[in-house]
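Form predicted on its own, single chain, as structure tokens, below.
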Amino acid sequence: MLRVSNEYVRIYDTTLRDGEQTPGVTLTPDDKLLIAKELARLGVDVIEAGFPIISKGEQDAIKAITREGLNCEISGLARCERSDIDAAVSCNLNYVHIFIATSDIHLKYKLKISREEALRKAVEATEYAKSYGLKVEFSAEDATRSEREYLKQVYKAVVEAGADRLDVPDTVGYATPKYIYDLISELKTINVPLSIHCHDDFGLAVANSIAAIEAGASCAHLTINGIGERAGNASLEEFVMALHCLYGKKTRINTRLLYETSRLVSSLTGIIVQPNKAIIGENAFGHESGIHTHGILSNPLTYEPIDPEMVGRKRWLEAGKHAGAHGIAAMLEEYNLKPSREETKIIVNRIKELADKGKKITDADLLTIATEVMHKSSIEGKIKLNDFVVTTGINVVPTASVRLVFDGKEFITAETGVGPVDAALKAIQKVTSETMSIKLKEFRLEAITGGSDALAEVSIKVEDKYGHIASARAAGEDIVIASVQAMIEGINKVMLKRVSDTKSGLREYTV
């Protein structure tokens, strides 16, 4: 039986601090400001804007965020050092997240100080921050591996010194939900608001965070897409949707903005979201199996626990060896194609034959098969490629210039990229950016013959701002040309889905 409660849970987002500690991720001040604005729009209660002491660029980013006047609290991280707290104050922060390690392994091998010294530093730092009038949230780093009585001693001491909130970090993701529940139950007797901060080393970060809320914590530290050091942090979108749908708890989060926020963070950090990730993964609302698609088409609740639009998504179907007649018919209807029962059977068999050979079936493949079986002419695309030129080389920035016809008008545009393919695809996206906001979801390249003149096959998947997804494939000896052809084909298929939506009177969901 699910526990139901109307209690409100605070969301402390640390994407810009702990999330940026993901290996390989470095955000510019402009990037951080853009994400902060989106997080405020999403409805988080607190944005941990960064770690002020680490660099001038970090301080510039935090100052820009504090100047923005966002409708949420802004905090900064600080060690138990006066210089860290001074740096936070210089960034115009009025909320500081102070931390020091309390586990014996950290004290002995990292800080090389005694328990007594760590306690003294924690108290002095809290008092120093309070002397500035700052709101203080105190974290005992590696709390879940700290000796329990000593941990409580530290927490009680910093509360007496003026700490407003306490945070309990599971720094190396070592705890279990039961351990977290028992720990929070014991700590809540200190009688100040408790937060939980979990890492995902054993894949338990969200479960542990929920256990903390059940035990009496009132806030969770989270990141968009679950990014963070090592295996990452507790995922904001998973935690929030579990609270809303499974536990009857409330947050300020506008869940319809979750996917849009996820895409922005993924784009700016360069960290791709795994396809099978809950809520915001590409496959979270994708269906291929004939049994599943039949159920979904009859009643979405058969195989979807929530409506995709709750999180800013659209469901999508894919053709493949597991596909059935109902799913294929529904996919073709998106393109205003309505084959007879006999034609559908032939189309399904052709798809299975192709899939049995190890081929991934794209939307373009499906339409080609369907138009052949139905004896229809191939579907004309709205975008046509007239010409394109790329330049690349050593000490040369790869640049592409494309000439496209879009809705009867010719467009010429140029873009740079990390390579000729990237530049060419960005140039094509630029032409459609205002009307469609096309995002490249997937790019795969395979050599299907040997030698330096190998025939290459490019498969792509694209998505527009309304959540329509389409896939396409092209092959040729020139990788750039094949990539451009696949991209044009994919965009045309997305546009056909949009036209079909409009004709059928379906409301397009915009975020």
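Note that this is a predicted model, so its numbers are computed, not measured. Note that residue numbering follows the sequence shown and begins at 1.
Heads up, the form predicted together with ligand KIV isn't pictured, but that's what we're talking about next.
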Q | Interface stretch in the model of the complex with ligand KIV - options 175-183, 402-410, 134-142, 275-283, non-hydrogen atom within 4.5 Å | A | 134-142
Q | Residue (of F388, Y128, F99, Y335) lying close to ligand KIV in the model of the complex, criterion heavy atoms within 4.5 Å | A | F99
**Q.** Residue (of L264, C91, L77, A242) lying close to ligand KIV in the model of the complex, criterion heavy atoms within 4.5 Å
**A.** L77
**Q.** in the model of the complex, E20 touching ligand KIV (heavy atom, 4.5 Å)
**A.** no
Q. Looking at the partner-bound form in the model of the complex, is P169 within 4.5 Å of ligand KIV by any heavy atom?
A. yes
Q) Quick one: which residues from 192-213 get a non-hydrogen atom within 4.5 Å of ligand KIV in the model of the complex? A) H197, H199
